[in-house]
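Only one chain comes next, encoded as structure tokens, the form predicted alone.
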Amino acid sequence: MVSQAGKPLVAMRGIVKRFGAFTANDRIDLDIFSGEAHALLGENGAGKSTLVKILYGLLSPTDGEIRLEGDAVRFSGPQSARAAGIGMVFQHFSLFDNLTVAENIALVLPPGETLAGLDERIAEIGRRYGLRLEPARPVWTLSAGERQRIEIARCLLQDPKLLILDEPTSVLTPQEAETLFATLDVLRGEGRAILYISHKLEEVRRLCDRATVLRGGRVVATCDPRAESVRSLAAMMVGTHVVDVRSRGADALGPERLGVEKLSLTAEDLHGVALDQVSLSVRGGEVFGLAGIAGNGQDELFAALSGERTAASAGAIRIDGISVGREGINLRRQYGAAFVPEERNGHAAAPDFSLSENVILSRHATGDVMNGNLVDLPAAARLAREIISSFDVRASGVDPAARTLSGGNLQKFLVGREVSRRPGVLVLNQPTWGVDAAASAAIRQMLIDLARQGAAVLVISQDLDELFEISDRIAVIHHGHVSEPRATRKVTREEIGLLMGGASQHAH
């Protein structure tokens, strides 16, 4: 463990941040030492993002102070934070796809710095930290791991004393994550500090010297994560024991309920992905996991399965033996299929609509909220109340707008909206993306329970922990190809990670 005998590199004292009547950070103290990897843990809404935005100069605190190497500092913005030695790599990359690696890096050079020798500086950082980059490559041709290297290289060119990383492995393969950890070890060896935000508690236990846990905007614990279990860390974050997901393993499976046969689909734009001869079969009673790094055809496949884009032939997609490749989403729903897209607000839900109105958006097709050709508003309100009650959705008021719910609670509502229909086929894209541990466990249990009742459940996810926890079989999508599925208990994360990264596979 890093020695904490000296002064902390960064000391945050009594940090308060209010937005109107809401207190996001409530008198937070945080010390970060040179050479230390320090985890910042908490559920969504715990106050982590607000705190690091204050540290990076994106927000000003309502009260409290930041000390850097003992001196009080106030940052006017990210540029002054970077000048003081604080760098940040965000979860969502801020890169221009049509520019090269070098051009993206040049955009954040301090005023007055020239482009002369930039390629050599990029190469030197690559050699020193294991961040292999090709300066002339256009960003749109790069994997998620390569894009992240650009973000880290941009920070390192400014010689930071502290590097803040927000969910850095959320889009990486296991192999890319290992490369990242090796880079972070080199940085710590140079005496730089790392502030590490992640929901992946096994990573935190492996990488971090200390962890600070936030709940409800306050510090509730500081600990050595290596002396804790994943379960005890999760309990600190949630404030209660997180129930384990129970998977009984596949029972006797029923017949095929979702079939995809030689589905090909052109890319809709320059940076889209074409689907190439995709075939898969999901039987009643099983959860089928589809792994892949973002941008490898997941969105295109979901659009094709849901009917948002139709296939060239009707037989390319089958629901309970019925060819639906040329049909739209409403008819597919009437045949017993249900769909939960990745984007909660704007795709799965209308944020300004009430929850009962959001029930109508998907349930009108199956007649549950219709009286002839008219919408039955009392039936929709009754259904919304049942979903809130059955799926433990925490909502304020009788029928609040979707946007007033936390990410985890809105996701529970949206999955509950579809699961409560008892569909024969359920297709989900990133069902627990950005959702806290307790809500994730609840959603995963919903999917397992639905499959055990005889449904075919297809889960598209970048989260290998999730897929290995709930899937009976697992396949990989890479550049629009889907690999042969394997029984989850007979395949390793490393094997799946290699396929995600493009290792040779028998695509079909």
Partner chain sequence: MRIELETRPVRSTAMEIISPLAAFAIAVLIGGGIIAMLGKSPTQAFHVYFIAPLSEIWSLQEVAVKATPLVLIAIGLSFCYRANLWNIGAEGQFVVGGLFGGMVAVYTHGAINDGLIGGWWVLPAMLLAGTLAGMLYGLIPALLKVKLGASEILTSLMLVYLAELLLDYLVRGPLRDPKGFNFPQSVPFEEIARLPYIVPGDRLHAGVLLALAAVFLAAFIMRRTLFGFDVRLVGSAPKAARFAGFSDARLTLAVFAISGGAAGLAGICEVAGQIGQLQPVISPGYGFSAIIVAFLGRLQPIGILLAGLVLSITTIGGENAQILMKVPLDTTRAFQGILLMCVLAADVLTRYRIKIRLGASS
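Numbering follows the first chain given and starts at 1. Every value quoted in this text rests on a predicted model; they were computed, and no experiment measured them.
There is also a form predicted together with its partner chain; it is not shown, and the following applies to it.
Among heavy atoms of Gly336, none comes within 4.5 Å of its partner chain in the model of the complex. Among heavy atoms of Ala123, none comes within 4.5 Å of its partner chain in the model of the complex. Under a 4.5 angstroms non-hydrogen atom cutoff, its partner chain in the model of the complex lacks Leu258 among its neighbouring residues.
Looking at Leu115, you'd find every heavy atom of it more than 4.5 angstroms from its partner chain in the model of the complex.
Per the 4.5 Å heavy atom criterion, its partner chain in the model of the complex is contacted by stretch 362-370, the sole one of 196-204, 164-172, 272-280, 362-370. Contact with its partner chain in the model of the complex, defined as a heavy atom within 4.5 Å, holds for exactly one of Leu426, Ala349, Val415, Ala291, namely Ala349.
Of the residues Arg385, Lys262, Arg403, Arg326, just one reaches its partner chain in the model of the complex with a heavy atom at 4.5 Å or closer; this is Arg403.
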